[in-house]
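The chain that follows stands alone, in the form predicted on its own, written as structure tokens.
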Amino acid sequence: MKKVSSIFLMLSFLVFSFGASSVMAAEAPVKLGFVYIMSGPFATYGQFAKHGAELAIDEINKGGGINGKKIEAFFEDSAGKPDVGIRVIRKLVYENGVDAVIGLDSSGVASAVAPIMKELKTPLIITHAATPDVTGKNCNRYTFRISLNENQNMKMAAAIAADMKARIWTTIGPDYSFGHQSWEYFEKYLREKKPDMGFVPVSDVAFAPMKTTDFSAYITKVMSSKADGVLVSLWGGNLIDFVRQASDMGFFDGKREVLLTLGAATEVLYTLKDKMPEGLWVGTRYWFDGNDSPENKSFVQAYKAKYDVYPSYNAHGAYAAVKAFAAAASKAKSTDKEKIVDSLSGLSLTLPVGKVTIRPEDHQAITDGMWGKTASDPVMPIRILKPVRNFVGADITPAVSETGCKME
């Protein structure tokens, strides 16, 4: 009898232990790592992205999580430096055990980070950095982008420039890959539309280091050139400083056409408010008033209610990436990294920006884009876009054969 009782107790213990382990396994969270610029003059971008990510995570967790598991988030600061970006991503993968990495603001950081994802065998969803290389010549199985890249944005900029009066163009931008590639692709696409268009020599354009706070010399150089059109690819704190100083120096006097490639970032608009000149064509990867779909209305309403500001394209990018990961996990019925990668490739989903498809051949998002003209609105705390020019994603996205991507 004692022997039977002992066996019964042992079996009960094993059943209880197995059941407890199963419950614990089922409750193990899905871990997502986020890397953005969280300090310095570009930190506002990281803060908006963090808010967008947290909003998506809250919505998913309240809805039962991903395949029944809650999401746990880990945020790291890249400081906009490639070596720091690599280090914090390794930390997220090896120490925190994340199932995917989301983020990246700087094209320089993205170019350095993307290749190591093959070593880490972890999916990376880029939400902001726009260099075409990571979904082009340096594409790989583990790297995806959920937002527009430079090719797509410059195709829109060139289409707008083609309708302007300017006949000689120059640029002022950041002195790293984003600024240089923006100018390169803008010239390429505008020449295709207007073969007789003029461009100042590369030696005469203005590329400023990201640490620049005084842009007066660069502004003077541009104003002294023969150009009557200026492409401005500065962003974040650089763009804010530039607009303020350029306004004081008479740059926006109407004598030249001006395109601000990322001028519709709400991070910038909230800081400048009525100091942002009216009538400038500005680009953005998402505009909170860009469409009246149920998904967009819900997102804007929830974001505004929680953070008391309108969401930026960086907030939307982080929100979109979390939703894309969740959709891929639901499709795969798993958070296994290899299965997530397979599910992200070719994934289509409806986001606040509209329908987005991650092209399987290069992992670049096919998504509609828009530019608009800055305008004042007495009931809005920031400049709005009026009019708005919309572009169909398929029309602004280069063919895979043009990207240089050879997906393994």
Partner chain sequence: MEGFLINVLNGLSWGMLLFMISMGLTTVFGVMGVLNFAHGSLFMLGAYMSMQLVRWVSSFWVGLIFAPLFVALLAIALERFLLRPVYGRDVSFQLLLTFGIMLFLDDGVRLVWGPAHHVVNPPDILAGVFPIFGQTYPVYRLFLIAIGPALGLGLWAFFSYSRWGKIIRAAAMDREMAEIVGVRAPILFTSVFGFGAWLAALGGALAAPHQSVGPAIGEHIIIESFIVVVIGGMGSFPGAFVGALILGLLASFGATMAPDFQMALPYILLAIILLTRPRGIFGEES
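None of these values were measured; they are calculated from a predicted model. Positions refer to the first chain, counted from 1.
Another form exists, predicted together with its partner chain; not displayed. Remarks below refer to it.
- Here the marked residues A43, M210 and I240 all reach its partner chain in the predicted complex, each with a heavy atom within 4.5 angstroms.
- A single residue from the set K194, R244, K331, R141 has any heavy atom within 4.5 angstroms of its partner chain in the predicted complex; that residue is R244.
- Among W169, F299, F186, Y218, the residue placing a heavy atom within 4.5 Å of its partner chain in the predicted complex is Y218.
- Partner proximity in the predicted complex, defined as non-hydrogen atoms within 4.5 angstroms of its partner chain, places exactly one of 226-234, 270-278, 157-165, 314-322 at the interface: 270-278.
- Using a 4.5 angstroms threshold between heavy atoms, N61 stays clear of its partner chain in the predicted complex.
- The shortest heavy atom separation between D214 and its partner chain in the predicted complex is within 4.5 Å.
- Using a 4.5 Å cutoff between non-hydrogen atoms, K306 does not count as a contact of its partner chain in the predicted complex.
- Although the partner is absent from this view, V356 stays clear of its partner chain in the predicted complex, with no non-hydrogen atom inside 4.5 angstroms.
- Along 247-275, a non-hydrogen atom within 4.5 Å of its partner chain in the predicted complex is carried by D248, M249, G250, K255, T271, K275, in order along the sequence.
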